[in-house]
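Before any questions on binding or motion, here is one chain by itself as structure tokens, the form predicted on its own.
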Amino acid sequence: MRPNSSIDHQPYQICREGKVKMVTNALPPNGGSGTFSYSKNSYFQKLSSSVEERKIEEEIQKKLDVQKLACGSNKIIRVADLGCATGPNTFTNAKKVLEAIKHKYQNQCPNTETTLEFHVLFNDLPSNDFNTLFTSLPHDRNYFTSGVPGSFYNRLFPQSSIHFAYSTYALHFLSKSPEVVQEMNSPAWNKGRIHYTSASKEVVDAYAAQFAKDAAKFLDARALELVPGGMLVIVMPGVPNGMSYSDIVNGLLFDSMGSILMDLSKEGLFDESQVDSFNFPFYAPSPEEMTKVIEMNGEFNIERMELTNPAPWLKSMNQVIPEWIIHVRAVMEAIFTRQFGNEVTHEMFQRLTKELSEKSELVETKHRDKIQILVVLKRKE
């Protein structure tokens, strides 16, 4: 039997009006603790988010009135991690945030004998591996915990209940791929590609519109959940204003994935229409786009927004290509597997490592410094 002959791997159909009915919803990264699990392959994300630690601490010290927040909540501070995955990065992030908040409180109330209590709420999709997350909780933690399953594009918490929320390397996953790019009669039909990289303007615009819609829902929900004066921090992939995604190394990654899948379809492993019906729900915004959606919401002040280098330690992409692809696989494999099946997905990642290693000089030309965006927002009082 050929791989992917099962209907389970073909979640699409072509309707009379020429619409490929398949919307790829984001799935959580690989659970467990196996070779390709996120828990074992999230070191790059840890290094990237650590670049922002000092800046986030600065914003907490300068802008977050912990004394006022504590007085209004019986000295209980609630912190939410939006898109927590399976760790261990989420515990590192929580520790750093809580240390910064405690330090600010001590500075504001040096003579108080009252200590703060912390409740950290770990959120991700219901299909996230919360078992692995909670079995790896630090034994020496000084906070209470809860798991909150659900999409952060919807409400997750009671009104005015969260004092500090952060989302690290999660908001770039769209709630779904844009439907218009799967309409065969649409100018935005993304035939033969799996992403907006190197695609037509209509496809790029469709992705941008989907991100704007999703980000608006994300901010609307957080505006209700955060207390007045509460802080929201976002760290995610980004691009400089006006730069095409095909100009950076992640764009080359998606182009290579798409071409490999097309090759596999031509080899008879599956029908080409499965590529046409698949568009990866990933979007990296520019600061200009982020500013626009935040201003449209109107409930937050922008305290800090900047593009940074997510890998200042990296001198050459060539030295990390195989490890990079394993990290990519840990994050993205589930989405590809649902569409193409295990065997095809495994073969794609094998060929991807080989192809990008052989194109190391081209990979190096696509490496850019400032492709991570930091956003620090404060809920208006």
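In this text the structure is predicted, and so the values were computed from the model without any measurement. Numbers for residues come from their place in the sequence shown, where the first is 1.
From this point on, the text means the form predicted together with a small molecule, which you will not see here.
Peer 1: In the predicted complex, which of the stretches 242-250, 114-122, 148-156, 269-277 has residues with heavy atoms within 4.5 Å of the small molecule?
Peer 2: It is the stretch 148-156.
Peer 1: Just one of 101, 294, 170, 227 has a heavy atom within 4.5 Å of the small molecule in the predicted complex. Which one?
Peer 2: None of the other options qualify; the answer is 170.
Peer 1: Can you pick out, from 256, 210, 265, 128, the residue that has a heavy atom within 4.5 Å of the small molecule in the predicted complex?
Peer 2: The residue from 256, 210, 265, 128 that makes the contact is 128.
Peer 1: Even though the small molecule is not shown here, does residue 285 get within 4.5 Å of it in the predicted complex, heavy atoms only?
Peer 2: Taking the distances in the predicted complex, the answer for residue 285 is no, it never comes within 4.5 Å of the small molecule.
Peer 1: Just checking whether residue 31 would be counted as a contact of the small molecule in the predicted complex - the rule being heavy atoms within 4.5 angstroms.
Peer 2: Looking in the predicted complex, residue contacts with the small molecule do not include residue 31, since no heavy atom lies within 4.5 Å.
Peer 1: With a cut-off of 4.5 Å between heavy atoms, is residue 181 one of the residues that contacts the small molecule in the predicted complex?
Peer 2: Contact with the small molecule, no.
Peer 1: Should residue 84 be counted as a contact of the small molecule in the predicted complex, where contact means heavy atoms within 4.5 Å?
Peer 2: Yes - in the predicted complex, heavy atoms of residue 84 and the small molecule come within 4.5 Å of each other.
Peer 1: For the small molecule, considered in the predicted complex: do all three of 324, 353 and 357 come within 4.5 Å of it, counting heavy atoms only?
Peer 2: No residue of the spot touches the small molecule in the predicted complex.
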